[in-house]
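We begin with a single chain expressed as structure tokens, specifically the form predicted alone.
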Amino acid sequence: MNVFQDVWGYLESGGYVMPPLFIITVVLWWTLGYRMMSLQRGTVRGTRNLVYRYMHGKLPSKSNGVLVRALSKGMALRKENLPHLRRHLDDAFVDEDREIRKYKVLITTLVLVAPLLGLLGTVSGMIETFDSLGDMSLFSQSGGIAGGISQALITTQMGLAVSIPGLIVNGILDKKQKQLEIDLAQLKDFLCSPIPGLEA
């Protein structure tokens, strides 16, 4: 209960900027969690090794990662001996491409908006501080000089506390996404050509 009251007091002391910052925090970490789950490869093996294992019936049946799903779709199309297989693979992999990019723009936007909101709170706090100085009211209902400075610092702190971890985690996920895009491109190449050792 004390923790809840402390958090509530912290949010209250930051002024009107804090509720949007709190909402941004919740949405940001929810989308980061979603993206983290959707960027699972499904296997630690390389693309070539994965194809060989599939051909020998050793694909992990319970895995639901991006590469495993794409391989299952690709092999199903390959067995149909379709002309222009790459075009069909491009169409079949659209869902996977879309999934690994989902929420990327939203996360980038939230990470950029959070420190700006913190800066807005800083400006509001400084305005209140200077107003108090102008009125010579060291202690007013809104806290006067001390309240203004406190609000300015708290909103800056909150904005940076939301943005910096989000920026780091998003950078890691972007790197993972790029690796998955490379893996999907390699998978298409393997599926569009004879597999050495298994096919002529």
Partner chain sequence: MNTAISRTQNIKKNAVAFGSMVFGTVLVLGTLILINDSKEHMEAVKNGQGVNIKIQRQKPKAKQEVKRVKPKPKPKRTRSAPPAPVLGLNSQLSGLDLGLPDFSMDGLNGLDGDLLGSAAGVVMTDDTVDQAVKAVVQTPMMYPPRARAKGIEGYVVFSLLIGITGEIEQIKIIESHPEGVFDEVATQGVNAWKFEPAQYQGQSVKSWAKQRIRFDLS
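Bear in mind that the values here come from a model prediction, so they are computed numbers and not experimental data. Positions refer to the first chain, counted from 1.
Keep in mind that the form predicted in complex with its partner chain is not shown, yet the notes after this line are about it.
Novice: Report yes if all three of Ala92, Gln179 and Ile182 come within 4.5 Å of its partner chain in the predicted complex by some heavy atom, otherwise no.
Specialist: Looking in the predicted complex, the three residues Ala92, Gln179 and Ile182 all stay beyond 4.5 Å of its partner chain (heavy atoms).
Novice: Quick one: is Ile172 in contact with its partner chain in the predicted complex, heavy atoms, 4.5 Å cut-off?
Specialist: Looking in the predicted complex, residue contacts with its partner chain do not include Ile172, since no heavy atom lies within 4.5 Å.
Novice: Given that the partner is absent here, does Glu99 sit within 4.5 Å of its partner chain in the predicted complex, heavy atoms only?
Specialist: Glu99: contacts its partner chain in the predicted complex.
Novice: Spell out, yes or no, whether the shortest heavy atom distance between Phe190 and its partner chain in the predicted complex is within 4.5 Å.
Specialist: Taking the distances in the predicted complex, the answer for Phe190 is no, it never comes within 4.5 Å of its partner chain.
Novice: Taking 4.5 angstroms as the cut-off for heavy atoms, does Gly57 touch its partner chain in the predicted complex?
Specialist: Flag for Gly57 set to no.
Novice: Using a 4.5 Å cut on heavy atoms, which of Thr43, Ser132, Thr47, Ser38 is close to its partner chain in the predicted complex?
Specialist: Spelling it out, the residue with a heavy atom inside the cut-off is Ser38.
Novice: In the predicted complex, which residues of 147-182 put a heavy atom within 4.5 Å of its partner chain?
Specialist: Contacting residues: Ile154, Gln157, Met158, Ala161, Val162, Pro165.
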